[in-house]
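Okay, so here's just one chain, in structure tokens, the form predicted alone.
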Amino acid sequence: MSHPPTTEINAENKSAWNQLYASTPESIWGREPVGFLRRHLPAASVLPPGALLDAAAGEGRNLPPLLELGRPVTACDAAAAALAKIPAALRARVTILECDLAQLPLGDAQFAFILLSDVVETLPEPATVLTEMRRLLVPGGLLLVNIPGDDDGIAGIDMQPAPGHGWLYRGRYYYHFYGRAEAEALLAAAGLALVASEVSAWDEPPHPQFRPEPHAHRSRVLLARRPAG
């Protein structure tokens, strides 16, 4: 029996996430920034000149801390239904872009900082996305990304093996969990230089239409730089 090609899994995965956002007027993830962000967000003073990108911004929970850095912010996501739920007060302060993370309609070297929060583990092809993030960073620019491993609180819960590799949560949402060496190797393969790598833990409330119970996350948080030159 042949497995569906990765492109098919990718398309089905994008559709599932968009349908989730459209399924309820409530915010799926809530309005509080993800638990690791404020601890690991670089200060504006350490960044080179350039704008900021929230890649896979969802409903905008992480935009307020980025706006506090005082630079132009772009929020992009493949799910139009998610972007439509970003509160009006935030929409007025950021550039909204519906996008494929593997191929953004933007020129090279535009961003001093990119946030990739709770994204890599949901990607059937993370290498192409991380390479695209490197392209968008200015030389010396920073990428902040979290990549959970098998010790994350949601790993394996209501998940079945996906065709080929990875897992499907509730038969629809793709996940893949990475150990430290695998996570750091993903960044290196994309041409990014590791600056910091540590584990962060935080709690999340239930997510409407997605995860009904409170749950704990344990995720490796990595800061990487596009080398100069």
Ligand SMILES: C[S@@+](CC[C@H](N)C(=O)[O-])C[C@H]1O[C@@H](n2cnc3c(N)ncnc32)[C@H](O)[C@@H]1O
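A residue's number is simply how far along the shown sequence it sits, counting from 1. These numbers were taken from a predicted model, which means no experiment stands behind them.
Beyond the structure shown, there is the form predicted in complex with this ligand, which is absent from this document and is the topic of what follows.
Only one of 111-119, 85-93, 155-163, 135-143 lies within 4.5 Å of this ligand in the predicted complex by heavy atoms, and it is 111-119. Shown alone here, Asp100 lies within 4.5 Å of this ligand in the predicted complex, counting heavy atoms only. Taking the partner from elsewhere, Lys14 is found to have a heavy atom lying within 4.5 Å of this ligand in the predicted complex. Looking at Leu192, you'd find every heavy atom of it more than 4.5 angstroms from this ligand in the predicted complex. Shown alone here, Ala183 lies farther than 4.5 Å from this ligand in the predicted complex, counting heavy atoms only. Judged against this ligand in the predicted complex with a 4.5 angstroms heavy atom cut-off, the residues Ala127, Phe177 and Val221 are out of contact without exception. Shown here without this ligand, the chain has Ala56, Ala57, Gly58, Arg61, Asn62 in 53-73 lying with a heavy atom within 4.5 Å of that partner in the predicted complex.
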